[in-house]
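In structure tokens, the next block holds one chain alone, the form predicted on its own.
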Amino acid sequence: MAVSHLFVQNCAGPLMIALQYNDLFDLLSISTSTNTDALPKGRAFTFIKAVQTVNERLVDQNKTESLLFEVILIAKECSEEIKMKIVESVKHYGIPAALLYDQADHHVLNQLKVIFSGDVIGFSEDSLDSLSDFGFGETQIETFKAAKICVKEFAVLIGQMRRRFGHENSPLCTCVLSVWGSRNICATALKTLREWGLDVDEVYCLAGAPCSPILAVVKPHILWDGGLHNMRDSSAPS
């Protein structure tokens, strides 16, 4: 499945998410729609609705809550007609204007699921170099190292949000998925996330097994793996 770019920023306030408009709406179908039709839902629609559910639950618990998701819809290089369509569609669906995983439209909308890579978080900088044994190139390994640095801020903020809810019936579900690393790597990732203030809900340690079956069951909205998804269907060599 394809993964789209997601920009996340926090400055002591809302957790801001910048999203391309053509991820939220299916513009390929616009030629068959009428002037009064809302645009068809795109692959990120379920993600945004899940985010909206988290916001609603946070505000229900605390009317002055400031740690919320805020979505910025990017609509560059499109005609004024398309921009008007986007505005009307946002109103129609009631949408308040790190990696997006494709979602079927029927997927549950009342829980936001975020997966963190146990490989990226659990490997030390030195041990990340050993990924060359699994077919990763030098550029990819450097990308993983950079991802480990930037994932901390996002994990800390998600941890703060997750602690707003109890263990049952939470609108926010966090997971760790370790594809390549051993159980020790996975355990290190869990320890690191706890140190960052995030106690995850689910853990999957695959030790080189294909991860598509797990992703098909978990159906994450956000897959933060530093690019490991590019080889997710390959098994580690024996």
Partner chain sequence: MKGQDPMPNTCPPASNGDSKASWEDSKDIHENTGATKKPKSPKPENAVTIAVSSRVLFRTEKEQMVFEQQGIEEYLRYQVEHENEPFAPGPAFPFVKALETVNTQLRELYPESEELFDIVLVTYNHAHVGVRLINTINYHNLFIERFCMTGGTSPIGYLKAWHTNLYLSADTEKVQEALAEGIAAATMFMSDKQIEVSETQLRVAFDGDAVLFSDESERIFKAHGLDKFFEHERENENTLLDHGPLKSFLELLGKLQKKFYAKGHRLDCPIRTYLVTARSAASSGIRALKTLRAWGLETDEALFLAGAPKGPMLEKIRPHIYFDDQMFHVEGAAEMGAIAAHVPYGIAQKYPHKKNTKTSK
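Numbering follows the first chain given and starts at 1. Quantities reported herein were computed from a predicted structural model and do not represent experimental measurements.
Not pictured, yet referred to below: the form predicted together with the partner chain.
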**Study point:** Contact stretch among 52-60, 39-47, 65-73, 191-199 - heavy atom within 4.5 Å of the partner chain in the predicted bound form
**Key:** 191-199
Review point. Would Val218 count as a contact of the partner chain in the predicted bound form, using a 4.5 angstroms cut-off between non-hydrogen atoms?
Key: yes
Review point. According to a 4.5 angstroms non-hydrogen atom cut-off, is Glu138 in contact with the partner chain in the predicted bound form?
Key: no
Review point. At the 4.5 Å heavy atom threshold, is Lys148 in contact with the partner chain in the predicted bound form?
Key: yes
Point to revise | Residue contact check: Glu81 to the partner chain in the predicted bound form, 4.5 Å heavy atom | key: no
Review point. Along 161-196, which positions have a non-hydrogen atom within 4.5 Å of the partner chain in the predicted bound form?
Key: Gly166, His167, Glu168, Ser182, Arg183, Asn184, Cys186, Ala187, Thr188, Leu190, Lys191, Arg194, Glu195
